[in-house]
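In the block that follows, a single chain appears as structure tokens, in the form predicted alone.
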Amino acid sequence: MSDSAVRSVIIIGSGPAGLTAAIYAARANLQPLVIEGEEAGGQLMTTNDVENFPGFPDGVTGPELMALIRKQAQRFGAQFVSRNVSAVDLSRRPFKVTVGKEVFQSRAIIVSTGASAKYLGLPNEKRLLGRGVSACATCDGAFFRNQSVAVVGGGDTAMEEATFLTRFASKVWVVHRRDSFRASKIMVDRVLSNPKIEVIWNSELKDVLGEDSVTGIRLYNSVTKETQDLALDGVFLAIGHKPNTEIFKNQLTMNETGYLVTKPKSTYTSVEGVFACGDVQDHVYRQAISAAGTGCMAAIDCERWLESQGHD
């Protein structure tokens, strides 16, 4: 089965970036097709409380926010396919996007497939996600005022998250499986000199404890071979993110960790007519509002590019 119509633009992904791109593209009369995937909505779908998205003074749940943005895109005529993309062909025009047995064609593509936080695969990790377990201190740190939390990791991200969390938490434990950090010296010095931070060396996180919310963690010390439980209120995983770029390998330029490379001050990728926005190309800010901003940029870049090609 094939969709023979050549569309102006296909948007792959449906987090804040993709849905904002859909709003702008639809209002520009580009009639975008959003292939939102089977797990639509992006990382916000696992976020219970969003307090830092403008326009919601009392906060909003992640799923509620995404439902509202999706409804807004639909209102202007964006169409949705709730299945996963299995392949893309960017080698010729029109571009081809394969979804199961269907092939959709378009003159332009906006990639907003996001990134996924890396997890350890512990028994209770996903169950307590959003209930004390987080992969974003900037997003959730304010919920842990005067509480004790742990940061798991040893790179720059872990050091940044630990330092940031001292603004709210009364105590921050940094759990690292080795006896030295791989982070840059300035970041390590900042952590080691902070009176609120205590490092637990040579230790692996074996499980997260708690029924309805986090009450502690279980640690295994690789030197003493001992297991101990530590009571605390939150766990922040800072072991990195993986951009969802597998289907674009050998087609779009990526950096060494797989993030799509966009041209400076734009959302243009290495293939003309393909644009990227949100966490799939942003490994620095990773916020819903910054993703939405680049979604707007991608739609405007796309609209102007189509116009320059003689397409309305």
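Start at 1 with the first residue shown and count on from there. Rigid core here is just the name for the largest C-alpha set that superposes within 1.5 Å across the two forms. All figures in this text were calculated on a predicted structure; none of them were measured in a lab.
Keep in mind that the form predicted together with a small molecule is missing from the display, and what follows is about it.
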{"item": "The small molecule contact at Asn29 in the predicted bound form, heavy atom, 4.5 Å", "value": "no"}
{"item": "Close approach of Val223 to the small molecule in the predicted bound form, 4.5 Å, heavy atom", "value": "no"}
{"item": "Non-hydrogen atom contact Ile239 with the small molecule in the predicted bound form at 4.5 angstroms", "value": "yes"}
{"item": "is_contact(Arg83, the small molecule) in the predicted bound form, heavy atom dist at most 4.5 Å", "value": "no"}
{"item": "Proximity to the small molecule in the predicted bound form, single hit among Arg218, Lys171, Arg131, Arg177 (heavy atom within 4.5 Å)", "value": "Arg177"}
{"item": "Heavy atom within 4.5 Å of the small molecule in the predicted bound form - the one residue of Thr257, Thr253, Asn52, Ser266 that qualifies", "value": "Asn52"}
{"item": "The small molecule in the predicted bound form reached by all of Gly153, Arg182 and Arg286, non-hydrogen atom within 4.5 Å", "value": "yes"}
{"item": "Which of 88-96, 131-139, 156-164, 69-77 sits within 4.5 Å of the small molecule in the predicted bound form, heavy atom basis", "value": "156-164"}
{"item": "Core-aligned C-alpha movement of Asn202 between the shown form and the other one, 2 Å or more", "value": "yes"}
{"item": "Yes/no, Leu90 Cα shift of 2 Å or more between the shown form and the other one with rigid core fixed", "value": "no"}
{"item": "Outcome for the Cα pair Gln281, Thr138 in the predicted bound form, compared with this form (closer or farther; change of 3 Å or more)", "value": "farther"}
{"item": "In the predicted bound form, shift in Cα separation for Thr138 relative to Ala40, 3 Å or more", "value": "closer"}
